[in-house]
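One chain follows as C-alpha cells, the form predicted on its own.
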Amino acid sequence: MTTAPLSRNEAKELTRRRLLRAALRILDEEGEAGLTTVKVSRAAGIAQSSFYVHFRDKQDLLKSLWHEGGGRLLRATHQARSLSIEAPTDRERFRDAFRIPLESMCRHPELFRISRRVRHDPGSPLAEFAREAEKISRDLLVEDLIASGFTAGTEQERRRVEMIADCLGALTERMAIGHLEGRYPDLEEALDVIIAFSRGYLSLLPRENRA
C-alpha cells in the first residue's frame, strides 16, 4: 500500500509543526537562552533559511507556541468547566476544571515563565500579545463563571465576577510557581488549596444556584 505524496501546503504545515515541536523541546531542556533560530532549525532537521518561511524571528515563533498551546488549553479548560457545571456534585469533574490549567503551566515551565515576564515588560515586543492572551483567558473564565450561576446583569455584578476570575488566575499561577520552585512538590496538594479557596467565591453564588 503506497502513501500519497503530501501536497505543498501539507508539507509546509508539517515542517512548521516540526519547528514548533523542536522549539518547545529546546525551551524545556535549555531554557530561553538556548532558543535560537539555528538550534531550532537544526533540531527540526531543516535548513535555517527555511525557518524564515514559517516565522519572522524568535519572537514570532514564541507567539505561535503560545497561540497554539493556549488555544488547546482554553478549549480543554472550558470543556472541563462545562462538564463540572453539568454535574456540580461530581468531585473529579470539579477538580479537573482547576487541575487542567495548573498542570499546563507546569508542563512547559519556561514558556510559562516567559509569558509572565513579558506581559509586565512594556519594552518587550511580546508584551501586548501576552497581555491580550491573558485577557482572552480571563474573559472566558468570566463567561464560564456566569454560566455556572453567577449573575452579571449590572456593572457591579459583572465587576464582582471579574474580580473572582482575577483572583483565581493569580492563585493558580502562584501555586504553579511554588511547584516549579520546589516549595510545593505535590501538585495535588496545591490543587487542594485552590479548591479550598474556591469554596469562598462559590459562597457568593445566588442561593438558588448553589449545588
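Since the structure is predicted, the reported quantities are computational estimates derived from the model, not experimental observations. Under this definition, the rigid core comprises the largest set of C-alpha atoms superposing within 1.5 Å between the forms. Heads up: residue numbers just count along the shown sequence, starting at 1.
One more form of this protein, predicted in complex with the DNA, exists but is not displayed; see below.
With the partner left out of view, is T15 within 4.5 angstroms of the DNA in the predicted bound form by any non-hydrogen atom?
T15: yes, in contact with the DNA in the predicted bound form.
Spell out, yes or no, whether the shortest heavy atom distance between I46 and the DNA in the predicted bound form is within 4.5 Å.
Yes, I46 sits close enough to the DNA in the predicted bound form that at least one of its heavy atoms falls within 4.5 Å.
In the predicted bound form, T151 touching the DNA (heavy atom, 4.5 Å)
Heavy-atom contact with the DNA at 4.5 Å: absent for T151.
With the cut-off set at 4.5 Å between non-hydrogen atoms, does T36 touch the DNA in the predicted bound form?
Looking in the predicted bound form, residue contacts with the DNA include T36, since a heavy atom lies within 4.5 Å.
Using a 4.5 Å heavy atom cut-off, which residue among D166, D57, E157, D186 comes into contact with the DNA in the predicted bound form?
The option sitting close enough to the partner is D57.
Partner-proximal stretch of 62-70, 175-183, 47-55, 158-166 relative to the DNA in the predicted bound form, 4.5 angstroms, heavy atom
Among the listed stretches, the partner-contacting one is 47-55.
Spell out whether the Cα of A190 moves at least 2 Å between this form and the one not shown when the two forms are superposed on their rigid core.
It does not, since the A190 C-alpha is displaced less than 2 Å between this form and the one not shown after the core fit.
After the core is matched up, is the C-alpha of D57 off by 2 Å or more between this form and the one not shown?
Yes.
Cα-Cα shift for G123 and Q48, closer or farther in the predicted bound form, minimum 3 Å:
Pair moves closer in the predicted bound form.
Closer or farther in the predicted bound form: C-alpha pair L19, S104 (3 angstroms or more)
Residues separate in the predicted bound form, at least 3 Å farther apart.
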